[in-house]
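Below you will find one chain, with nothing else, as structure tokens; this is the form predicted on its own, and questions on how it binds or moves follow later.
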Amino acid sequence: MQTKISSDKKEVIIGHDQPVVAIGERINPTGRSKLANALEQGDFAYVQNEALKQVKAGCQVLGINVGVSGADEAALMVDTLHAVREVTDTPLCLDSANPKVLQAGLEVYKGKALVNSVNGEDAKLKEVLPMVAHYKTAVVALTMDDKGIPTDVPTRLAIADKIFNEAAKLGIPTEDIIIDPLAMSVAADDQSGLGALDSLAQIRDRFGVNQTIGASNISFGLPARRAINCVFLAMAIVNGLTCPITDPTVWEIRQTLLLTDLFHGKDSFAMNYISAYRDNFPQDE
């Protein structure tokens, strides 16, 4: 099953038969004070630089979240989209918990965007899915509902099934729904990693859809987070993850994504890995 998203000039195909697609996480002010300040001050050159760094590092899709406290988020989303489009034609993932912000972005977006996100809450389904149908976008669907984030796999599958059913009523094809089974910190719950991996595998086997996950959530509160994130990413990809939300500007993260492609036979003669390695370590030539 393939999910296609695009800008007006470039298309990205996400699928189990395709190389892993990295969704860049750096244009998100949560935990990034410099970016938050830049957005507050209208410093879009800083945002453009973040976009270009991620594209250079192999991001095929750029996440755009402009949730700065006190700002007009809808207007800021539109301005940010225009600024990013000035420097790259990479397809975008519009990320906001506010449907009005998503709609403002979709009104000016050229191509087929990825929307982040909908979930199993009745209100969210009624607000977001009609928008997805109208603008013919793809959408990230979180396996949570009005009761919160479930810890057990069967409930996550049931929520995914509910979202698929509601989407079908609006004519949204299954391939345009990317499930996020949600990774939670193993520091808070030492079973959360296993739960995320089991959810990925069972969702893949039952529905065959593409899946994303915020990989860095798994390591929150622990030392050596980079190593934890890399190991989790590799294991998650084996279990059905096709388009992680992550930061490939960190070489170890990019290396993990490239090597999982190589070991899955998706990098002919290891050329992608070799090329990326040479870009990062030219002194080794």
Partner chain sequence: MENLEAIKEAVNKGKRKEIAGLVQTALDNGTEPKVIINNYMIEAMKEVGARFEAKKIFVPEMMMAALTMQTGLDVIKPLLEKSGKNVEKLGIVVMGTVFGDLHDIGKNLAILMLESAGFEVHNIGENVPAATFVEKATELNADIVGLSSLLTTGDPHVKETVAAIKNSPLGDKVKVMCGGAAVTEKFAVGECGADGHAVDAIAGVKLAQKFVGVG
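Computed from a predicted model, the values in this text were never measured in an experiment. Numbering follows the first chain given and starts at 1.
Omitted from view is the form predicted together with the partner chain, to which the following refers.
- In summary, among the residues 127, 166, 121, 175, the only one with a non-hydrogen atom within 4.5 Å of the partner chain in the predicted bound form is 121.
- In summary, among the residues 75, 97, 87, 170, the only one with a non-hydrogen atom within 4.5 Å of the partner chain in the predicted bound form is 97.
- Heavy atoms within 4.5 Å of the partner chain in the predicted bound form are found in one stretch of 127 to 135, 145 to 153, 79 to 87, 202 to 210, which is 145 to 153.
- Looking at residue 184, you'd find a heavy atom of it within 4.5 angstroms of the partner chain in the predicted bound form.
- Proximity of residue 67 to the partner chain in the predicted bound form: non-hydrogen atoms within 4.5 Å are present.
- Contact check for residue 30: a heavy atom falls within 4.5 Å of the partner chain in the predicted bound form.
- Interface residue remark: residue 252 is not counted as part of the site for the partner chain in the predicted bound form, having no heavy atom within 4.5 Å.
- Annotation for 200 to 225: interface residues with the partner chain in the predicted bound form are 221, 222, 223 [heavy atom within 4.5 Å].
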